[in-house]
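One protein chain, two forms: both are listed below as structure tokens, the first as structure 1 and the second as structure 2.
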Structure 1
Amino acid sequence: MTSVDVVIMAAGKGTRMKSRWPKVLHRLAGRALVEHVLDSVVGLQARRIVVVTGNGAPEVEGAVMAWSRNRGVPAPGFVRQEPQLGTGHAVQQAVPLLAEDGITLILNGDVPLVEASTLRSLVERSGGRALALLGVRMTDPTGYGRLLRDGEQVTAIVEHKDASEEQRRIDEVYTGFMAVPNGLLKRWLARLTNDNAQGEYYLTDIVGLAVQDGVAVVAVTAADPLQVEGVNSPSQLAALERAFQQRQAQALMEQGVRIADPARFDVRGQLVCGQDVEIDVNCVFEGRVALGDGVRIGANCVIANATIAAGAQIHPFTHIDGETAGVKIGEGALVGPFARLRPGADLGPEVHVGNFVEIKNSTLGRGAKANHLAYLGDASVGARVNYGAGSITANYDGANKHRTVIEEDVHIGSNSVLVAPVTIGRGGTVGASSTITKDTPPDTLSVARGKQVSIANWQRPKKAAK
């Protein structure tokens, strides 16, 4: 097998984004454009990956390094292109890192949705002999380089800005992906000039040089325009995002997931669903989310890094973010509306968590309930506990966090403060509005509040006469 080297061009400014960020760091489905490109390359078993950076180089390199750590793959090599004199100039910078043998696959860092199989077919078509280009037919080819052909043979790529009126009518364009034998690539790059409308060294000019040298130029046609769509402006980014989300929604619906409106559905990560899952409008899923059989998600929920077991229901406007610790929701649990579950929230089966309840780093046993306006942080809550409205765990003393243990069958009255570290013994009751600072024995009533007094004949203050 021929060795494959990969060059990803990511030095451009992305002027049309009108942003302070380098273009390839703008996000599609929650990940930077360059991360999408790297993901499609990682399966190719490339000998070497080189990323060309320039605008925002430290940020782009940082994002690529973070990607390689997260994926557990070796860090790509970097070359800096300063100043940026065009795509041909960009690849010239990578030449010292490319071997003499093998095939180089060149990718635009701003075309995020290309698939590994498409890239593999490009490499195969090059076969170490030919220059293989990925082309596509576009309904609106404005801005793209046009493929000029003589029958099967591609004779040149003409950039939009350099094209004649007649050439601009060609709807077959270059997508920004090519596979080139390394030896030929180096030879051609050395011969590029910048004699064109933009005064740039165009990578696409190597097509003309291949023709001069009698090397075959083959165009592979991308079957799927979405795979080769570039991002140059916010409106293109938004259009691509929507198309990508529609596609994810479609795939889930084909598995049987009932999505109320696929146009109002976003997955920024990985969503795995069981059977008979229902998702209402305007939900956003981030990171890794798993929904068991029969789970129902109400409208306007944001759910990140969570596992939700069979039959659980998440009512509207609930925010769940497990970050790295994760959130777990047990079978048949009811959560929300307006609940907030934070990292380490672990709800057992049949747990109820109601409106304006925040839970962090806490386990709730089977059937425990916290239905209204409450906070549980760093707590272990036993089965069947009822945690009253307005109650909180005071888990933070200003320096350290402490745990609260609420044993099985405890009833916490409304508006209580449990000052951690503290344990409420099994079967106990805490009277409403108590501030509990000491452990309570099992099966007792604990009350810690001012005694009620009623003062007879007390007079309310009166307004002074004018």
Structure 2
Amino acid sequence: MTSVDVVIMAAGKGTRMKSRWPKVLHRLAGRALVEHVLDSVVGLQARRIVVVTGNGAPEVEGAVMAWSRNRGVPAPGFVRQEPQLGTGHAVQQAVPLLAEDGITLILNGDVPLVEASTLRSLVERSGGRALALLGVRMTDPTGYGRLLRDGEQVTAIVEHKDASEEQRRIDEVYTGFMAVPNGLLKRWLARLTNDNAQGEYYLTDIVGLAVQDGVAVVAVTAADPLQVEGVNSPSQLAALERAFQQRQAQALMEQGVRIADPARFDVRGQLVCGQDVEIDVNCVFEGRVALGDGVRIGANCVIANATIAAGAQIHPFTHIDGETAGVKIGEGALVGPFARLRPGADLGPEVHVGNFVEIKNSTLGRGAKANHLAYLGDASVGARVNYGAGSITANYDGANKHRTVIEEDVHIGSNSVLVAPVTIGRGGTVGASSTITKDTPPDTLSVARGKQVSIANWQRPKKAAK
């Protein structure tokens, strides 16, 4: 296959976004618009990627570099368009980084949902000989440039404002994406002029130059208008977000997932579901989340970077965020409502974690229970432990974290404090409101609290009379 160089135009300010952030850094499905475009390019195995920056260049370049590190791919090159004098001028800045051979694929950094297969078709249609344009058919093409054809050949792109009534009836519009042989692209870019009302260099003018030179101009039609939908305003971004989310919901439902309301469902990463999964309304999934067979997710849950095994139930308003360490929830476990699982939480089968319980960097063995108002941090909890309401592991001494070990069949009374490092022996019981600072033997009751005192005839303080 002919070598492919990719130019991504990401210099625009996006005035209609009314934001201090560059437009391509606004987020769709939890990720910057330009990251979506870059992901589509990865599948092409491009020889080189060049990103044209301008407005907010340091921020855009930083985000792109972070993307390349996270994906483990070579860093793209960068050129800056300053001042910004049109699309043709933007691509002119990339010319020094483009080889003489191969094909250049030109993309917009604010069109996030284009698919790699579409881009591959565009490159193949160019074949190193033709100028290939990406078009799409729209039910309402008002405002878009129309592709004029003579059979299979494209003869021109006419802007809506310049189109005749007959031309305005054409429903095939130009998307801004093209594939061009490098040698021809460089030749045509050198011939662009800014002889127009805006005083800008338009990339679309190379269509006329190609026709003049007798070079074939062809078009590939995108199968889905959503692929080529750009973002110019917050309302467009919101509409594209919802369209994207409904597409993901539809794909999951076709696999058998029961989603209570596809209009109130968000995936901002990768969601993998087994059979008979049920998801209630207003749930958000981030990073990579895997749901086993028969998992049920209650309403208003936020779940990120977690693996939830078969038969587990996540009750409403639960927040799970595994970050890089991940969260694991075993078969048949019950979590929530209003629970919080943080990185390193590893719940075994049939574990119960109830309302207002927070767990971080801790393992819970089979059948362990922490049902109310508790904290477990840096702890190893054995099977069948009952962890009382209001109890905490005091795992931080102000400088270092320490671990608490609670062995099998332990009962921790309510409002207890386990000061790490400490081990509670197998089968032991900690009396309510105890502060445990030393290891406890197995099968014993451990109580550490002040002696109760009752003072007769105690008079409460009274407010002074006014």
Ligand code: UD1
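The first residue in the sequence of structure 1 is number 1, and each one after it adds one. These numbers come from a predicted model, not from an experiment. Rigid core here is just the name for the largest C-alpha set that superposes within 1.5 Å across the two forms.
Colleague: These are two forms of one chain. I'd like to know which is the form predicted on its own.
Modeller: Between the two, the form predicted on its own is shown as structure 2, not structure 1.
Colleague: Fitting the rigid core first, would the Cα of residue 167 be found 2 Å or more away between structures 1 and 2?
Modeller: Yes, its C-alpha moves 2 Å or more.
Colleague: Once the core is superposed between structures 1 and 2, does residue 142 show a C-alpha displacement of at least 2 Å?
Modeller: Indeed, residue 142 is displaced by 2 Å or more.
Colleague: Indicate whether residue 151 shows a C-alpha shift of 2 Å or more between structures 1 and 2, with the rigid core used for the fit.
Modeller: Yes; residue 151 is a residue whose C-alpha shifts (by 2 Å or more) between structures 1 and 2 when the cores are overlaid.
Colleague: With the core fitted, just quote the Cα shift at residue 454 between structures 1 and 2, in angstrom to one decimal.
Modeller: On core superposition, this C-alpha lies 3.5 Å from its counterpart.
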